[in-house]
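Quick heads-up: the structure tokens below are two forms of one chain, split into structure 1 and structure 2.
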Structure 1
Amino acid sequence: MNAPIISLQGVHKYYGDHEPRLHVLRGIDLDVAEGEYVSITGTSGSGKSTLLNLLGCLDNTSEGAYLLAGKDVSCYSDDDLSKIRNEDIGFIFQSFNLIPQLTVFENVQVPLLYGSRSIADTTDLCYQVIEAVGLSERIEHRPTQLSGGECQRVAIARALINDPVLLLADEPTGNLDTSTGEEVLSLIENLHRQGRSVVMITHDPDVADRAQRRVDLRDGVIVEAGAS
């Protein structure tokens, strides 16, 4: 049996340095196996994004351990964590988070700027991932010239460019209408079928149910909603 790619053990997260602290996560135990597709639901403000940021090595736990691919992330330096985010994790955000002054192509290139591969060697790859999300015609456009669905597809291409093992999506369809949301979801599910682990936050139960496993975040703890 493979070690889980993600393993949270008794994780707490609180904000603020002194009382009264905002205690958002109150003892999370969660394992995600390699290649697993997990959805997280919960009411607004329940700490879903906080949890995802922890998983994405953007933030530290207040208590408890986070093992990523079996290693405790608290051992890593800031630069190591940057490298992990760059190479192993792909982020997809609700508000797309594209860089407005860059073109579609350049936005997709951004993670390459911070990695070890050369730009020249990866030009073809950029075209490929952009093609994979169906935006070959839009390469020279800027985010402001694109629709929401197109923006999210650029974000997916960007998340893919370094071929990460783990995809973290925070309400990827939250700003989209049903049909474009559907397109985005099927892209993400495709990536899961290619063998990547996916953790996706959503507040839409129908979307959540499409995952292999659905967990609910309630009062700072995980409630398993069972496999589908």
Structure 2
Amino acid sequence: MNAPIISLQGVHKYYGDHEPRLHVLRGIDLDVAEGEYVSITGTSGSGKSTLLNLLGCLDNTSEGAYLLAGKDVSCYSDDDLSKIRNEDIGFIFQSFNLIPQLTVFENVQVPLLYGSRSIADTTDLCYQVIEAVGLSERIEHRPTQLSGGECQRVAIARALINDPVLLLADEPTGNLDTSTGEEVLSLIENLHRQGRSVVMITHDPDVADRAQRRVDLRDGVIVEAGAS
């Protein structure tokens, strides 16, 4: 098996400044190998959203270590975490999070605005990732002119633009009908076959079972982790 792209070691997460604090994650140990496709599922209140925030470097652990591509990001500053989010993690959200005033091409360019590469130097790359998700003919359209599935494809293209080490998908089919959701899942599976590391958060067990491996959370504890 490849080396871990993600390694959570004894991770706890508390909220609140006074006892009794809310203990959301309770000693999580989890490795995701480079190139692996893992789903994380659980009921409401299981800790999925908190774990997503930690994996996406949107929050820090209270205890324990989080290694992303070999770097312990547990105690990184906000500025350092922001850089990691932009360069190393590609986010795919349930609500797409596209900017309605921008075209498909401009939405895909957004992460480049916060990086070191110039927009001019990455024009060809933008065309390539838009073509890869099948939207070359929609490149000048705005989100209001697209279907839900097309909006999610734009979000996937945007997630790929900085060639991240990890794709992190949060309920990627949650706002889509069954047929469109199937198309998006097939696209994510194709990216995995190309060697991408993917972690998908979902409440839907059928969607979770599409992954290479399924991790179940219950009350902040991993209760099952194995091949789906």
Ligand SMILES: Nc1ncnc2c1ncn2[C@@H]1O[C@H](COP(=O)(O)OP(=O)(O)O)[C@@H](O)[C@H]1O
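Residue 1 is the first residue of structure 1, and the numbers go on in sequence order from there. None of these values were measured; they are calculated from a predicted model. Between two forms, the rigid core is the largest collection of C-alphas that superpose within 1.5 Å.
A.B. asks: Quick one: identify the form predicted alone, either 1 or 2.
C.D. replies: Number 2 is right.
A.B. asks: Using the core for the fit, does the CA position of Ser74 change by 2 Å or more between structure 1 and structure 2?
C.D. replies: For Ser74, whose C-alpha is compared between structure 1 and structure 2 after core superposition, the shift is 2 Å or more.
A.B. asks: Align on the rigid core first; then say whether the Cα of Ser46 has moved by at least 2 Å between structure 1 and structure 2.
C.D. replies: Yes, shifts by 2 Å or more.
A.B. asks: Just checking, between structure 1 and structure 2 and with the core aligned, does Arg213 shift 2 Å or more at the CA?
C.D. replies: False for Arg213: its C-alpha shift is below 2 Å.
A.B. asks: Following alignment on the rigid core, what Cα displacement (Å) is computed for His18 between structure 1 and structure 2?
C.D. replies: Taking the core as reference, the C-alpha of His18 is shifted 3.0 Å.
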